[in-house]
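Single chain ahead, by itself, as structure tokens, in the form predicted on its own.
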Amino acid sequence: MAILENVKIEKLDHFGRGLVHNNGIIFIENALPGDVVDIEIVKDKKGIKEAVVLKYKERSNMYQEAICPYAKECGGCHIINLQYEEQLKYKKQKVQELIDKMLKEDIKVNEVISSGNAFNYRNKITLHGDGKKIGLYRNKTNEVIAIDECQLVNPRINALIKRINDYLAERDVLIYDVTIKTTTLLEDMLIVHGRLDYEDFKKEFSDVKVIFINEQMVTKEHYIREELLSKQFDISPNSFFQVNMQTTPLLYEKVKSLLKNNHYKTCLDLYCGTGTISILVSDLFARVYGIEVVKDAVLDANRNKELNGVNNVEFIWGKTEDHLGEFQDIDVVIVDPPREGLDRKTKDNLKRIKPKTIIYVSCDPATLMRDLSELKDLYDIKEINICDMFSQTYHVESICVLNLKNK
């Protein structure tokens, strides 16, 4: 396809790709605003083109050298070459553009919440095996790039990656995939699928608190424990927990601050996971209800409730949309849905219940704006904040507050 020379990148799109207008729109991976590049068009469909960089003629003043040797191969760190302060500006602007386009109201992003730690923040990673080493998938393929470390994860995880690779090099075994989790309380978990000698693996990693091999628990312990805002939480293999334990406390402190001094009595926590938000806000309400579809997460949530001596929270196992119809007279609803956002039935029930306040925690600003546009007939959007939970990537966590209109 066509080659274009001396193309100057205008901005980043919402997926961290460089964008230019040239007889249509061209998206260019691994390019920053201000870069001057030679590019090759590799895809052209209805005036929307995708291109790769052949040569950098000039580098942007926002550019920083990537500290990861795998950055361009795995594709997980979409904006690793963008200076960190510029990453925060980019994410704020990304959310603001979606507000302006989809809500069409004079609402400004209020705050950027960040721990300031741009690397080594993840407490979880899933890696895949190529026979003798574990690694990440090459961008847009199932080909494994063997790695020795990932710059996004906790150093304890990197130490385990090296140990697992050493173990594989010394034995005739296979690992198809492995999930490694760790906590700030220095407890680790390995969830492994492969062809292994269970006892030998368990012996070699005897310092790891929880090991599952091919869905079988081979250690005495089933949980690793985390501490968050002076509360403790047990995490099992199938339960979701926030991956950034540097920024997560700031996120939840923000949620709590939005609820204090309002004299609310009842709270409904949708997609509650292991019960973190329910338990953390329990001292602000007479009664809290959490709904979660993953059974193991509900079991963990009930365990965590007892662990923290909380007796005013009730957890319900099932789909949010199936149980929300049972509720009325709720003061506050907190939602933290998956990327696809809220389904139609859930939004209809929120409009029926009419809580005084909705706090919407979102990991996808596009579906957040879609949902807000459908709720704004009943609710004033008081503020939207963003939280940098996923540094070096285009992903954005948002916190939005909606107050019921006086009608």
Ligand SMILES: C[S@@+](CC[C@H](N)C(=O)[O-])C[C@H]1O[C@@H](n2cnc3c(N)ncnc32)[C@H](O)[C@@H]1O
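Start at 1 and count along the sequence shown; that's the residue number. This structure is a prediction, so every number in the text was calculated from the model and none was measured.
The following text describes the form predicted together with this ligand, which does not appear among the structures shown.
Colleague: Quick one: Val333, Asn349 and Asp371 and this ligand in the model of the complex, is every residue within 4.5 Å by at least one heavy atom?
Modeller: Contact check failed for every one of Val333, Asn349 and Asp371.
Colleague: Counting any non-hydrogen atom inside 4.5 Å, which residue from Val281, Leu168, Ile161, Ile291 sits next to this ligand in the model of the complex?
Modeller: None of the others qualify; the residue that does is Ile291.
Colleague: Just give me the single entry in Ile180, Ile235, Cys267, Cys272 that has a non-hydrogen atom within 4.5 angstroms of this ligand in the model of the complex.
Modeller: Spelling it out, the residue with a heavy atom inside the cut-off is Cys272.
Colleague: For the chain shown here without its partner, which stretch in 96 to 104, 80 to 88, 240 to 248, 132 to 140 has non-hydrogen atoms within 4.5 angstroms of this ligand in the model of the complex?
Modeller: Comparing against this ligand in the model of the complex, the contact stretch is 240 to 248.
Colleague: Does any heavy atom of Ile277 come within 4.5 Å of a heavy atom of this ligand in the model of the complex?
Modeller: Because a heavy atom of Ile277 falls inside 4.5 Å of this ligand in the model of the complex, the answer is yes.
Colleague: Would Thr320 sit within 4.5 Å of this ligand in the model of the complex, counting heavy atoms only?
Modeller: Close contact exists here: in the model of the complex, Thr320 approaches this ligand to within 4.5 Å, heavy atoms only.
Colleague: In the model of the complex, does Gly194 have a heavy atom within 4.5 Å of this ligand?
Modeller: Because no heavy atom of Gly194 falls inside 4.5 Å of this ligand in the model of the complex, the answer is no.
Colleague: Taking any heavy atom pair closer than or equal to 4.5 Å as contact, tell me whether Tyr252 reaches this ligand in the model of the complex.
Modeller: Output for Tyr252 is yes: heavy atoms within 4.5 Å of this ligand.
Colleague: Using a 4.5 Å heavy atom cutoff, which residues in 324 to 356 contact this ligand in the model of the complex? It's fine if the answer is none.
Modeller: Contacts from 324 to 356: Asp336, Pro337, Pro338.
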